[in-house]
Each structure stands twice: as structure tokens, then as C-alpha cells.
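What follows is a single chain, given as C-alpha cells, in the form predicted alone.
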């Protein structure tokens, strides 16, 4: 491999050995875009900077253009997020635009079940007539939408305002519910607002990094590279049942029993309190509820916690000493925490540790939730699903009046309470209460928990409308009406990443056929519905962005100081809050540096609750626990996009595989790469056996990216965030008859 290519390959995190190394052949693979290292043409006329549309990291990419067409990609070197790095998905971002299964015209299902191409006029008239017909027959709350964390913030705001204020659609949610609802709920109760306190620079400034339920190396490869740049040689602690790629690189790995993390965190808190390893001054000045919390954790003795977690007591003690010895300790979590039956309390147990040790509000510290989707933070603040636009509260009369005034609408059209969350929308369909569903940019027929049930639910609807860039998704196959949408790279707007940074996405390619941006689709539906006048000022994404800045004024997420997309691009993105009087604030800004939180008394709150057992324990019939998660750095969620890249497909197994411990395999007579059956109470699948010590005896692991995985998962939800508990359920394994 050439020196230049070797350096570029080194920027991409190491993959699991079964995926194979990145070679020059892969880097220069044939195809329209390859990895962006071999442009289709020798020179480019211009370069457009745009934020990547895959994960929440929010990397900036240079799109090289020739004759106004994208010909190659390179990572932007000066951007404060990725610092000139890109993961495999980023290198291949353009290939998702050039797929043969792009939706290029509206499709309407005929009585015989065939989807036929129709005009936009017929599609929109059908949408409006049938949705209004359902409302007329079954009431205004009989239609709903499920949207995404992967469209521009301006599009999210438009959709939420159109649906709730213009169409009278109260029940609306986003697939962010599957991703970040837990973190949002935990932060709101503990801090008073959904406010991740960190900046990515904290990865490079901590001397102790504690990762709970996070395989950062694969899920967020560029953030793992930020960890690797840390000059302080930090202690890296991974709390995860599985020996993930991240755990392999850690200085401490605590492979606890699945879903015993809440007990472990309470036990750590008791040890720290018992030994006086807490920051009493910070607790007294900036928190409330600590005395009650200290009494609560008294029963979580080292012996009791070691027994419940199946960890050696010495490992737990060592972690407590490590936290105490650290000058700058940062705690991080992702889906291993968020997707649990007791997720919110687990996230708050992490927050409690940061508060009681004073590890918050300083560089290299914090209780930090890393988001999943590229615009989950935008969805959390501006989608009008979990809160009123701009992080406001539907139940607050002052907030409703403020939003109505800024939007110049009748306050009476703003609902006074939230609609149903995702899983209750699904239950509403089962009960016949919701009869029309509009799905935008998400693929629940693959991704939703207990998949077979969800597919049955979709077929019970009077009308299912799917708005997507591909006509081939599992969900689109169920649709009565498919609306073809433009993709990332074919639209303008903003995304908000995990560290609260607002970044710009740019149109660098034309959408194929008759596909329209989601923004233009919403605009057209508003006109056909008859509420277009309500959105007369919403004539472009940037016009909506200016409305969003006014909506945010005075809120913790204030972005009223951002005047234009050009300002965002010039600053390398801007983290909120950035008020109108922000002036020249520095590029990297954490929260709570003054110790004041967003609760009425300015104090953070200790929150706790007794752990609950696994909802589906193992049994004689289903004696093993199934874990799910990220399979590789080159796969993304349902593979709707990443499967379009020949290069990315070479970096992960095409066929679904299941990780099983060699001891279990020997007992069951299973050989490496043998086809085996994995079954739960809800369904079964066949997968290739991958024998590995990464999973402990009695446990299995399936990557979430394969469509069969969610045949097995159990429809259990956290009671506070309503987030699905994807990560653990009871299964059995048998050899497949040949």
C-alpha cells in the first residue's frame, strides 16, 4: 500500500478480525465513488463542506465537485469534530445516492396489491383525501406519524408544526425514541433540561474515561480516535457484559451480568461515600437530594453487588479507587444503557456518580450520553414530538403563547399535552384507535422490537404512507402510498450532533427522478391540506432556521445568536447555547461550568430507584440470554444505506452470524461457521455460529443490522422514557438439521 493510503487507512479504527483489514484494493475499489480516494475525474472544480448524515458524531466532509456533480469525498481537516478523520461510512457517504432502488416517483398500491407509479398531484390528493376521511370517520386523533432522527432540523420542525398545528395530528413520535429518549428523560429530571454537558475535547482531557454500555470503537469510530489522541494515557474502563472491541483496548473491563449495571453503579456510589471519596463542597453547593440518596445505597454492599453482577469484588473496588484517584473523570454511555427496562434510572445513576465526585462542569469530566443518529439532538429539541418546538413544554401556557406569537398562529391549535409515544401509537393501531400512519425516513418493519408483531400491525392500517429515499425498505413494501424523498447530499439544512453542535448540510447532488426534499413534500402537503397560509413564512430551510432561532431564545438551547448557515460553516459549527449576545465564544464549550443547572433552584437532583429484575429471565426452555448491538464500523442501523456500498459490504459478513462462547458450542455440539437456530418466545432465525470468548457462557450476541434479529427481541419498555429494551431477552440455541 502506498504511504498516503496507509496513512488514510490508519485513520479508520481497526475492525474485528473477521471483517478483514482495510487494503489498498478496498480503498481504491471500483465503483462510482469508491472510498473517495480515486475520483471518477482527475480534478474538481469546487469543494462543498457538509456534515455527514450517518451517526451523531457530526463529522464534516469535503465533497469535491466537477461540473456541479460530486466526484469524491475527503474529511475536512479543520473541523473541530473529526479533525481530518473519517470512518468507513463517511468515506462511502456518496454511494447511498446512486442506488438502483432509489424511490424516483410516488407509488400507489392498487386493489390487487401492486404499487404503481402515479403523479405527485394524484399522490398528494390521495394522501389528503384518505387521511381526512379517516379523521372524519374516527376522530382527529385517529392518524399519526412516526419520523426520524436523520432528516434536517428544519424539516423536523416543519413536519411537527404541520402535523400538530395544521393537520390536528396529536400523536407523533420519532425513531429517536429507540435511540435517545432515555438520555433526554434522565437529563430533564436530573438537570432540568435535556442538556448533554460535554464537548468532544473532553475525550482528550480526561485522565479516567468510564464507558458504560458503549462500544465506542465501532459505534462512534471518530470519537474513539479522539480517545486515542488523549495525551494523559487515561484509564479506560468499559462496563459491558461482552468483550467488545472497545473492551479489548480498555485498561479495565467489567463484564457484568446483563442488566445488573444499576446495582453496580449503586454499589460504586456506596463505596465512594463509605470511604469519603466524594466532593462534599460540590454536593452542598450545587445539588439536592444527596442525603436521601446516601441512605438509599446503604444496602448495596460490596458483597451483595459482587454477587448480583457476577464480578469479582476486587474489580469493583479497583474501579472505585480509579474514580477517586482521577483528577478529571468522564462517564459516557450509549445504547447499552438507553435500551433497557430500567434505562432512565441507570442513566441517572451515572449522573449521580459525576455529581457526587464533582466530575462535571470542568474539562475532561461529565455525565455524557453519546447520541446515535445524526440529528437525534435536533429531533429532541425541534421535532414537536417529545416537547414543544425549541425545548418548550406543551403543558406550559407561557410557552404555548410564546410559540404561537412567534409563528403567528392561533394558540388554540397547539395541543396542551404530549401525544402518545412510539409504542403506544403501535398499541393504538392494534386497538383500532389509530387508522392512518405516516412514516418518514425510518424503517420500523426492520428496526422495531418484536418485528413480527409490528409487521402485522402495519397491515391492519386503513392507510400507510411511507416517505423514504428507497422504495425497497421492509416498511415501504407494506405501504399503500410511497412518497419519494431526497437524501442527505440532495438538500440544505442543519443537523445537531451529540455535543450540541449545530452544523450545516449542503446540497451537492440532484435528487433522482421526481424525488423531492422532505421539506418540499411537507410544503406541498400543507398546500393540499388547506393550511398552506399558516406556513407562508416557511418558504426555505434557512427561513425556517431563522424561525427556530427565535423559538429558542431564552431557552437553555438558545441559538438566537446564529444568523446564517455561512456563520455556522465559518465557525466549524456552533454549540448551543449561543445567544444573541454570545460574541466570539470559543469552539469547544461544555455546560454547567458555574455549577448552576436548569432546575428552578439551580441545583442538580439525585434520583434513584430500586433495580428490577430482567423482564424475561432464562428458563429451562430458553436458557440463554441474547445480547444485541453494533456489528461493525461499516454497518449502520438497518443497512438501508450502507448495504448500497460494495466497499462497505466487503467489510462485514453478508450473512447473519451469532456469537457463542466455545464452551457452550462444545456442550451443544456446534462447530465454527455451522448454521444454527436461535429462538425466543416470539420467533426464530438461522445464523452462522461464530465461536468467540467475547461472549460469556450462557450468553449470545447478534448484530442489530440484520433484518432477522428483531424477530427475537422482547417488546419491553422503560416506564419513564418508553424506550425499547432491545439488549437482553431469553433464547435457546439448537443445531440446524442438515
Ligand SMILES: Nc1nc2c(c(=O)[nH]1)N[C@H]1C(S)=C(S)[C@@H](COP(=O)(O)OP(=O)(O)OC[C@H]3O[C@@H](n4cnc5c(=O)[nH]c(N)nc54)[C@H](O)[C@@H]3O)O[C@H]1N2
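Numbering follows the first chain given and starts at 1. Predicted model, so just to flag it, every value in this text is computed and none were measured.
The same protein has a further form, the form predicted together with the named molecule, not shown here; the description that follows concerns it.
With the named molecule left out of view, the stretch that reaches within 4.5 Å of it through heavy atoms in the predicted complex is, among 368 to 376, 287 to 295, 228 to 236, 534 to 542, 368 to 376. Residue 469 is the only one of 183, 469, 660, 351 with a heavy atom lying within 4.5 Å of the named molecule in the predicted complex.
Proximity to the named molecule in the predicted complex, taken as a non-hydrogen atom within 4.5 angstroms, holds for one residue of 357, 552, 386, 443, which is 443.
Although the partner is absent here, residue 187 lies well away from the named molecule in the predicted complex, with no heavy atom inside 4.5 Å. Residue 326 falls outside the set of residues with a heavy atom inside 4.5 Å of the named molecule in the predicted complex. Contact check for residue 499: every heavy atom lies farther than 4.5 Å from the named molecule in the predicted complex.
The named molecule in the predicted complex comes within 4.5 Å of no heavy atom belonging to residue 643.
Heavy atoms closer than or equal to 4.5 Å to the named molecule in the predicted complex belong, across 635 to 673, to the residues 635, 636, 637, 638, 639, 640, 641, ordered by sequence position.
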